[in-house]
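Consider the single chain below, provided in structure tokens and representing the form predicted on its own.
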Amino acid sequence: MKYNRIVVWFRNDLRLSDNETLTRAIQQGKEIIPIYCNDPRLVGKTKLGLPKTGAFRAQFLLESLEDLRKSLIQLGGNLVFLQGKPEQVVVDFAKQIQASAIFFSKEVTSEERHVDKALEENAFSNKIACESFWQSTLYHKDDLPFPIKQTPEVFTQFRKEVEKQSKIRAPFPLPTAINYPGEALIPDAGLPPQWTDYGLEKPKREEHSWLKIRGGESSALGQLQSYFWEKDLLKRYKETRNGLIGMDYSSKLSSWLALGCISPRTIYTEVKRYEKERIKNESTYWLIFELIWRDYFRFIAKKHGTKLFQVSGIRNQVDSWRRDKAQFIRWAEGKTGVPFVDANMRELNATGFMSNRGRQIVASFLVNDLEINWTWGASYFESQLVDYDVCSNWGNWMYVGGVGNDPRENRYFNILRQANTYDRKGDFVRLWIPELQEIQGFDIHQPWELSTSDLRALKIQLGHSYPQAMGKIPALEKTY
């Protein structure tokens, strides 16, 4: 064995299967001590005063940690919980138990990389080795056909090159046992983070919410089994992925991917098995296509560094955004007076989730109709989304803001056309905006087109029971 005792620091890799960090530690260490460090900076405030980790994401994280600890215990291990800045407390803990090395997964964005560098320097000064592993993407960074700094600025070029020239590595197998030193060395493994650590209250589930997900690797693998095999839905993924209501219109794997409860390679391997045993079509490829998009944003983030979070983006464009906090709050609370926008925002606030189509619509409205600083929207999503992924979130918002990777100039979404395509009967709006639910059919998307007498008959008064629309909404026939 190379090391006598290894601390395995879990971060956004809260799983046992296809976990290279854990696998390499088991191969190289006589004793393994898995840990999770609750970094107080992750529960602080954004520049807008929003909690960095909102209630729904916090709940998903706590569930994932609980599941990880149970899985480790079943293998003869445990999960030790630490509190504080990892670059200090992880090294202090390793020094206290006389560990030879610290193993952890690599991250790509600036805050996490600063932590990594500080931890490695601190560990080195205490004669503790550090080894880190890249395992957040479908394609390993060492297998790309170009250096990171030469990652193409257009996704299609990136996709074609990696598909043609790179191979996807096989997942690492599930460990069968962990040699954990036990209570003799670690009498108290500590408690997982509590709600009080986040300054939050446990969220209440909306009665009419269809979203049913629970954090953890066990749930992630259960969802994979359900969506692919039990319900046999993968074969229709491309046709249904722009849906709005229910668990079945998309895979819903993004939340587990975000915390690393499941790896993209595990999903890819299962898609390939499905193609072999059931059917191979455009839909099965499209799920892989989305995983490649996720890779792309991560490599772009590594290439451009802090530009990802700057209002000028990676294009270094001049800042000309409005900073109207009152209008931003109306957008965030789902009170813009534009039903399709408001319904999506209310779903986000009530569940921590929003469909892919909904995200594009509300982002376009904030940026193109209200002309409000795109980074405000990105920051709000960071706080609220259960499936918040730093690279995908900020990469997508840069795209909408016109300062990211986008060969097209026109990124505008006509709200009524989107509504007509994806919610023609108004069922989604009716679900989340009860004050308008008596309006029948498509009219629910444009209540301002109804006469005062018609609205009065339905007990609706625009500006009172439901807000007046913000800005001028393009008519349905004026599509883009």
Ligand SMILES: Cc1cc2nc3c(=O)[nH]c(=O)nc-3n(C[C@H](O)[C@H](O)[C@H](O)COP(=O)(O)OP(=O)(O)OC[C@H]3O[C@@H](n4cnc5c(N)ncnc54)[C@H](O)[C@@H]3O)c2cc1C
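Residues carry their position along the shown sequence, with the first being 1. What you see is a predicted model; the values in this text were computed from it and never measured.
Form predicted together with the ligand: not shown, discussed below.
In summary, the region of this chain contacting the ligand in the model of the complex, judged by heavy atoms within 4.5 Å and restricted to 311-319, 357-365, 161-169, 115-123, corresponds to 357-365.
Proximity to the ligand in the model of the complex, defined as a heavy atom within 4.5 Å, singles out one entry of Glu87, Asp387, Glu270, Asp369, which is Asp387. A heavy atom within 4.5 Å of the ligand in the model of the complex is found for one listed residue only; from Phe133, Tyr180, Tyr198, Phe381, this is Phe381. Proximity of Thr336, Leu462 and Ser465 to the ligand in the model of the complex is absent: no residue of the three has a non-hydrogen atom within 4.5 angstroms.
Arg330 falls outside the set of residues with a heavy atom inside 4.5 Å of the ligand in the model of the complex. Taking the partner from the other structure, the ligand in the model of the complex has no heavy atom within 4.5 Å of any heavy atom of Phe146. By the criterion of a heavy atom within 4.5 Å, Ser251 is counted among the residues contacting the ligand in the model of the complex. Among heavy atoms of Lys302, none comes within 4.5 Å of the ligand in the model of the complex. Taking the ligand as positioned in the model of the complex, the residues of 279-315 that bring a heavy atom within 4.5 Å of it are, in sequence order, Leu287, Glu290, Leu291, Trp293, Arg294, Phe297.
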